[in-house]
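Below sits a lone chain in structure tokens, taken as the form predicted alone.
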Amino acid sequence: MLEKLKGLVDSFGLPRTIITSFFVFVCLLAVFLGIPFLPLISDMVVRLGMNGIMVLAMVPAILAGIGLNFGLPLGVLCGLIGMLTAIEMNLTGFPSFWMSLVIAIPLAVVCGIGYGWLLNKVKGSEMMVATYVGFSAVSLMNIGWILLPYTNLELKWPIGQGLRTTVNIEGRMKWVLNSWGRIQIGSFHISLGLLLFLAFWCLLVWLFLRSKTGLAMKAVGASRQFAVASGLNVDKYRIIGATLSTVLGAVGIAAYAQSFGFLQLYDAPMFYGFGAVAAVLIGGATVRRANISHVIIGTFLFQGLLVVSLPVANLIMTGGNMAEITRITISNGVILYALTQVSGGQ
């Protein structure tokens, strides 16, 4: 019996088993405390759509042999520039959102190619260098946000030079995906547009991974020596993986921001990579193996845990900021635990 249980845990993955068990415990605790559960499920689904594409960005990087893409903030910055430019052009609604992607994706392709070239120069230390690239890009853009020639008063500080730390996109592109095809049944709602947008990008990645280029990229990630012996250009396919990951990061921040309702500049993009890495690891991925199911499961577990833990903490600890402190502790604790399991399953 114990051997079967151990085999089941091994097949499911220890990180996923522990986080799932904790998630179920918190959900049961929420029901016991009388917290309405349907609105919580709605929030979990919304957060899945909000964060799913940024987690999806981990898949091509892992399969190309780059490993966990801690350089995700590079793509996030491209997405932010696209959204800021769309606002500068005074666009609203879906035109504003689509123009953001039209601007952000080519920019992310250029940055992704340069990023992939750099990672090819440091084979074996990709994750360390990726973290440095992400942090450095965010720090450099702290200067960029001050110097970029945007003139829209919604973006600029009313006094002085530079962009606001937080830009409100109310009336611009807020909830353009969330409100499209929204289904409301009592206290339960589904943002169909947001989920379809996530499904569309998952489908594109799924199709790409089954194309000739995608299969070659996976072969490079599986065994560099075998790829070389087969005549594949290892550096080329690693660049493709890094570029696709950067593009998904740019698209992901657009989906996230339109749902969140604000653009957060300066140091805010620095840590997006850690949450995405934790989610894909919780979903069952490793530094060499990842697929779309890992993205969906991991994002739902990670975000679902955050959704449920806050109201539970609010009821258990009513004094001061203890609920928010608890939420941050749980969030960072899950990230830290997932990162300690980075070598599992190889």
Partner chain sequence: MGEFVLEMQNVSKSYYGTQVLKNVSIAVKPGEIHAILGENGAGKSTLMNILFGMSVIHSTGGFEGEVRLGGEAVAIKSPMQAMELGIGMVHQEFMLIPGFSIVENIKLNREILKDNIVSRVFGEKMKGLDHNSMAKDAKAALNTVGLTIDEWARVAGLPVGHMQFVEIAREIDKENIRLLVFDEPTAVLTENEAANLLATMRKLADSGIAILFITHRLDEVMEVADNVTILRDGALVSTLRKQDTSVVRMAELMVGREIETMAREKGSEMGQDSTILSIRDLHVRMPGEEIRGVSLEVKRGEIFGIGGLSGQGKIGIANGIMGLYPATGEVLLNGEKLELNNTKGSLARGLAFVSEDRRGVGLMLDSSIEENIAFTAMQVKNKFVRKYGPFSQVAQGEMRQHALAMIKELDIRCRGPLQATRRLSGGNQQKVCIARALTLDPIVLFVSEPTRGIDVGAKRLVLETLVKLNKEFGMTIVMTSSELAEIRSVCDRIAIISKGQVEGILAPDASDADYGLMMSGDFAKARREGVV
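Please read these numbers as outputs of a predicted model, since none were measured by experiment. Numbering follows the first chain given and starts at 1.
The form predicted together with its partner chain exists for this protein as well; it is not shown, and the discussion that follows is about that form.
Contact between Y272 and its partner chain in the model of the complex at 4.5 Å, heavy atoms?
The answer is no: Y272 has no heavy atom within 4.5 Å of its partner chain.
Quick one: is V110 in contact with its partner chain in the model of the complex, heavy atoms, 4.5 Å cut-off?
No - in the model of the complex, heavy atoms of V110 and its partner chain never come within 4.5 Å of each other.
Within 4.5 Å, heavy atoms only: does Y237 come near its partner chain in the model of the complex?
Within the cut-off, so yes.
Taking its partner chain as it sits in the model of the complex, is P149 near enough to touch it, meaning that at least one heavy atom pair lies within 4.5 angstroms?
Heavy-atom contact with its partner chain at 4.5 Å: absent for P149.
Select from the listed residues I185, M89, A229, V102 the one whose heavy atoms reach within 4.5 Å of its partner chain in the model of the complex.
Exactly one listed residue reaches within 4.5 Å, namely A229.
Of these, A268, A216, C202, L155, which has a heavy atom no more than 4.5 Å from its partner chain in the model of the complex?
Looking at A268, A216, C202, L155 one by one, just A216 meets the 4.5 Å heavy-atom criterion.
Pick the stretch from 202-210, 72-80, 243-251, 90-98 whose residues have a heavy atom within 4.5 Å of its partner chain in the model of the complex.
Only one stretch qualifies here: 202-210.
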